[in-house]
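Look below for two forms of one protein chain, each set out as structure tokens: first structure 1, then structure 2.
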Structure 1
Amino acid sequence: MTALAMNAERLLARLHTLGQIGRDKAGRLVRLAASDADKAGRDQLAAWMAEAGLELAVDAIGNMFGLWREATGPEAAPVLLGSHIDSVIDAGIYDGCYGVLAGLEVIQTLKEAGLRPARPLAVAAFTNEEGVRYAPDMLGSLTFAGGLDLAVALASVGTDGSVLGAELSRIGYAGPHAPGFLRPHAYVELHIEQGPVLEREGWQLGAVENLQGISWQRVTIDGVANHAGTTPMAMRRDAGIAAARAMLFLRGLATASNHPTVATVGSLALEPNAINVIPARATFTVDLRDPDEARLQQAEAAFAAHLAALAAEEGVSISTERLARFQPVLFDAGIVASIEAAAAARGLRCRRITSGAGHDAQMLARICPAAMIFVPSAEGISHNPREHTPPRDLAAGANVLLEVARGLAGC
């Protein structure tokens, strides 16, 4: 194949333009799913798709697709590229958006080169990947892949009391197509790493071969509120102490493992939350992750056994609620190998890597061969306005995506 290079200047300009859409009065990037800011971002993306000569299709859960299929006809399964453009609160400009805009740039580059692929190409922007406003995260791609009923997804109630289906209609992105109206031949997602490994080890690219399993639960511990000064330590049923012991157990469980198990307590609330009252209730969330399903199950079982023993020792009652559970994903070996080959052909240092975060690619892997490409994140920072990847790395990742897409599409 004749070597091609995408238009790095155009890609970077679009990234920075999209990164200014959804700024609040404090200057923070807040482009939550199905919000007015999300509509503005979608409108801009739709305009760029039209500029590239792509057919815009939107499904009923608001997933956007820019299709290039005039050379092959509508019946052939497309090579799908993409990610998402919704953000967290006070976000950086690269998470998700880079994968969507690089996918658009790949297709536009191939069109401008006069190439005719053997199968269609398409770029996708999936709805509510971040899960900040609506639950679960990766909602749009999960629904697209058939893992969540459309009616249930549309009925999702946001943190502000809004209903996703009504909001999609309000902003004009409740599309006519059924989720899954197109069945991809393959899916490739380009993304910033959101972690420190590539930068610290001096790699220019990561060929993502698997994605960690994720276990989320909410733990509620009920004890007895009492006076902080008059109740002897041995006579307390302190929900706060029980929570602290549970948190320390999780840290020990992860750090003692010889495997990449991670455990996080990201939120904690005590009741009545008063300085001189023994906590009657502690509620906290647990995020357990491991790329191996058996190890993840073992970690879950060990924590459950610890909670049962803890309840007896501290004289408290403990209940748990499952919030989310995703099995680890093994990405397509052939696409992973093609990523490595494309990197090597361009003289780029590439290593195989595990994704510690959830991505739309894990949902698409349910219905088609899928894989991901990572580029380094400066200091491993993401979900933060300091999120940054140098332009040369952004260009390198997009050019590797270009070569992988060319191979999959036969052009």
Structure 2
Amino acid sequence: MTALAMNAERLLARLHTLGQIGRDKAGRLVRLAASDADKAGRDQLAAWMAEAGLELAVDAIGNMFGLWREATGPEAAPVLLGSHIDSVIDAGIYDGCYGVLAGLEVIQTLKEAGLRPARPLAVAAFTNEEGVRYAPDMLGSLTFAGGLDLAVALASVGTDGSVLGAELSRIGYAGPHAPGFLRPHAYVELHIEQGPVLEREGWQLGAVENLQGISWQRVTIDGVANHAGTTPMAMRRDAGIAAARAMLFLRGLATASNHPTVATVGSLALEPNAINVIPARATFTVDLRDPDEARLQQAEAAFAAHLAALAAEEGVSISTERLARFQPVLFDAGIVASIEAAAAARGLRCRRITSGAGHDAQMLARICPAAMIFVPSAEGISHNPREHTPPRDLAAGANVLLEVARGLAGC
């Protein structure tokens, strides 16, 4: 293969341009799915696709595709690169946008170099990945992959009372194509890590081999409220103490093994929440993740057994409610190997890594070989204006995407 030079400057310039679109009055980046701000971002992306000579196709759930069909017939399965351009509230500029604009840059680079791929290439921007305005998150890619009925997806009601289908029509991105009209040959998503591992351990690149399964629960512990001064320790049924024990059990569960299990209690409330009243009720959430489904189930079972013992020991009653459950995703071993090979060829320090966050790639993995490439996130910060990846790392990631795409498309 000929060595190709990415136009890293154009990629970075576009990232910063797109990052200025959708700022609110306070200067925060708020490009929620199917909003006016999202329309402005989509319009800019469409203009860049046109500038690169790509054909824009929009499907009925608003997913945008920039198609390059030079050497092949219109029906051939394309190599798809992409991510999303919707954002959280007060977002950074890299999450999602980096993968979309790098995909565009890869195709534009190949095109400008006069190469003729054996397979078509396309870049995708999926609708409502963040899930801030509409539920579920990754709605566009899930619908595209056939995991969610189009009518149900379009009827999704936003946190602001809006209906997704109506909003897509309003902003002009309810397209004519049926979701899934494109059957990808493969999907590769370049993304910032959104975690601290690569930076902390000194890697330039992550070859994402799998994505954690997620188990979300809400736990409610009912004890008995009583006077903090007059109730002897032995006569208490303290819901807060029981919650503290459950929290430490979860931490122990996740750290005791050599496995990458993570467990988090991020949200907790006590009632009546008064300084001199023993808590009658504690409500908290549990976020449990593991790339191995069997191990995730073991962790869930161990926690359930702990809660049963805890209820007896503390004289409290405990109920749980499942909030969300996703099975782990295993990415395509061949693509992962090609990511490692491309990194090695460029002398980049690359490790295999598990994605702790959800991504569009997990939906695409249902219908085609898929994988992801991670670049480091400074201090692991994401969903925050302080989100940052150094330009050198952004260029390195895009160059590896370029090589992997060339291999998959045959050029």
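In this text, rigid core is short for the largest set of C-alphas that superpose within 1.5 Å between two forms. Since this is a predicted model, take the numbers as computed values, not measurements. Each residue is numbered by where it sits in the sequence of structure 1, with counting from 1.
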Only one is the form predicted in complex with a further copy of the same chain; which? 2
For residue 316, state whether the C-alpha moves by 2 Å or more between the two structures after rigid core superposition. yes
Is_shifted residue 255 between the two structures (CA, 2 Å cut-off, rigid core): yes
So the chain behaves as two rigid parts; what rotation angle in ° separates the smaller part's two orientations between the two structures? 13
For residue 227, what C-alpha shift in Å is seen between the two structures once the core is overlaid? 9.8
Let me know the CA shift of residue 286 between the two structures in Å, rounded to one decimal, core fitted. 3.7
